[in-house]
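Consider the single chain below, provided in C-alpha cells and representing the form predicted on its own.
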Amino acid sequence: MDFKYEIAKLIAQSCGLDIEEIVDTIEIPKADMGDYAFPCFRLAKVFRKAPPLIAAEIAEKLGTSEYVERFEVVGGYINFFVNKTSLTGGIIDDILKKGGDYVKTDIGKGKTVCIDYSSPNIAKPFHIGHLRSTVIGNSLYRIYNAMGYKSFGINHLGDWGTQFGKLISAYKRWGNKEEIEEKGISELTRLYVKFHTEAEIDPSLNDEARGYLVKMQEGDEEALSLWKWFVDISMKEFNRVYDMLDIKFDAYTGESFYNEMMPAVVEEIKSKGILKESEGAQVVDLEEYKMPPCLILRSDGGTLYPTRDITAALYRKKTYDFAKCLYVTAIDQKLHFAQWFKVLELMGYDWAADELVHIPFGLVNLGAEGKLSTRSGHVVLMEDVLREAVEKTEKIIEEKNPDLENKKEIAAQVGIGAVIFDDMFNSRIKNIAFDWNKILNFEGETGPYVQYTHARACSIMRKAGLEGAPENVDYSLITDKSSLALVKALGDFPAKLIEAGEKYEPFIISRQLIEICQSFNRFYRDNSILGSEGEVRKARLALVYAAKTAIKEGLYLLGIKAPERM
C-alpha cells in the first residue's frame, strides 16, 4: 500500500493541487508527530496566506479514508496518522509475497547503465587504494539492477602505456621467468621499483623503456608477448581478490582495447576544429570553461588518458546505448573527467553533459601506513587486508561461539563484509579512517552488527519451526510502539533504494539497514516472540520474517553475504 499516494489523493481533493506534486512534498515527521506530514509553506505564495492558515483550511476540507486514522494541524503542517492495521498489513504482506523484491522498482526498465569501476593497473599490486572504487561500483551495479535498469559493469584495466616499456626493460635486464611465475605481481612490482631506482642513476633507461613501448605500438611480437604474459599473471591475482569479494564484471575492456579506435577519434576532434598545437602537443583549449587545456596527443604523437577515455565513451554509447555511464574513481580525478566530458560536448555529443557522470570518493586513511606508492614499493595489498579481516573474525568466533558450524566460511562472510560495510557507512566523498576495532565491532553501527541481527532473526524462525512465511496473519495484533517503528523502517526501504540510486550513494542503504536492525532489536527486546501464543505469535513471527528478508536484501545491495548462523 502506497500511503503517501492515498494521503496525496485526500489533499488533492481539498485544494486542487496535482497528486504527484503532493507525493513529492510529503515528509516523514519525528516520532509521535504522525506517520506522514504535508508542509504548506511553499503554498504561501500561491494562496497568499500564512502556512498555518493554509494548513487549517485544507484540513477542514479533507475527506475520510480507510487508510487514515486521523490528522492534526501543527503550525504549517498537516500531520497524518495512518490506520495501523492497514500500514502493518500493507507493508508486511508485500514483503511476505514478494520477498526481497519488495524493495525493487521498474523506474529504469528498458534502460542500460554502464558502470566503470575498480580498474587496477596491470602488473601493479591490487592494493587497499582500489577498495573504494571496487565496492562502491559493485554496490551501484546492484542498486541500479534493483531499480529496473540493465547494469553493465566494466573493468577498465590499466593495461597499456609507458609502464609496460619500463617493465619489459626491467625484465630483460634483471628478470627471471621462474620467479615471476612463482611470485606473480610481487616480483613484477620488485622489477618495476628497481627500474625507477636504476633510472635515477641512469636516465637513459627511460629512453629504452619508451623504445619498448614504441615496439608494442608497432606490433613487435616479442614485446607484445611479454605484455600479454604480464596481463595474464596480473589477472590471475586480481581474480583471486574479486572472488573473495564476490564481484564479477561484464567486460574487462582495458585501455589496450581502444588502441586501434583512437586515430579515428583524434581525426574527428581535428575535423571539429577544436584541436590546437601547444608546445608540440595537441590540445583542446578549455580556458573559456575555466579549465586547463585537455591534452589529446603528446608532442611525440602518443595518446593520453583523455584520448582513451573519449574513445571508450563513444564506443560504449554506440555499443550499449546507455542512459548513463558512471565512472567510479577518486576525487583527485575530478578535473580529468570534467575536461574530457567537456571535449565530448564540444565535439557535438550533447548526451555527454547529462549521461556521463563522475562518481568521486574520498581516500582510505591508513594512519601509520602512510600514502601508497607503487614506485617506492610501499603498498598495502587488498588481499592481505581481506585475509586479516577473516583471521581476526575467526578469533572472535572462537571466543564467542566455538561450536559454530562452517566457522571458516562464516568468518570469511563476516570479515570481508565488515570491510565493505565500513567503506560504505558514510557518504562516499568522505575519507575513511581504517580502524579494525571499529570495523569488526559486533555491537556498533557495523557490518557484523547487521549480519548478527539477520542471524538472530533466522534463529527465531528456526526455533519456531518455520521455513517460510506465516500465512493468514492478523495484522491488527501488531500495535506496540517498537513493532510499528520496525514496520515503518521496513516500509521506508523502497524509497531509500531510489534515493541511493539517484544520488549514487550506497551509504543510504547501509544507514537504512542500521535503522531496520536497531528497530528490530528494540522490537525483540520489548516483545516475547516465541513465548507468545496463537495469532499474536504468528503476527510477530511474520514481522521477524519480513525483517530478515529486508536485511538480507539490503546486505546483497551492498555486496555483502547474510549468514544465517553466527
Ligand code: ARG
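All residue numbers refer to positions in the sequence shown, first residue = 1. As the structure is a computational prediction, the values presented were derived from the model and not from experiment.
Not on display, but discussed next: the form predicted together with the named molecule.
Shown here without its partner, the chain carries Gln217, Lys228 and Asn259, none of which come within 4.5 Å of the named molecule in the model of the complex through any heavy atom. Checking Asn83, Thr446, Thr189, Thr329 against the named molecule in the model of the complex, a heavy atom within 4.5 Å turns up for just one residue: Thr329. With the partner removed from view, the residue among Thr197, Gln333, Asn406, Ser278 that has a non-hydrogen atom within 4.5 Å of the named molecule in the model of the complex turns out to be Gln333. Although the partner is absent here, His130 sits close enough that one of its heavy atoms falls within 4.5 Å of the named molecule in the model of the complex. The named molecule is not shown here, and in the model of the complex it never comes within 4.5 Å of any heavy atom of Asp423. Though the partner is left out of this view, Ser483 does not reach within 4.5 Å of the named molecule in the model of the complex, counting heavy atoms only. The closest non-hydrogen atom of His156 lies within 4.5 Å of the named molecule in the model of the complex. For the named molecule in the model of the complex, the listed stretch (333-341, 465-473, 242-250, 166-174) containing residues with heavy atoms inside 4.5 Å is 333-341. Of the residues in 293-309, those that come within 4.5 Å of the named molecule in the model of the complex through at least one heavy atom are, in sequence order, Tyr305, Asp309.
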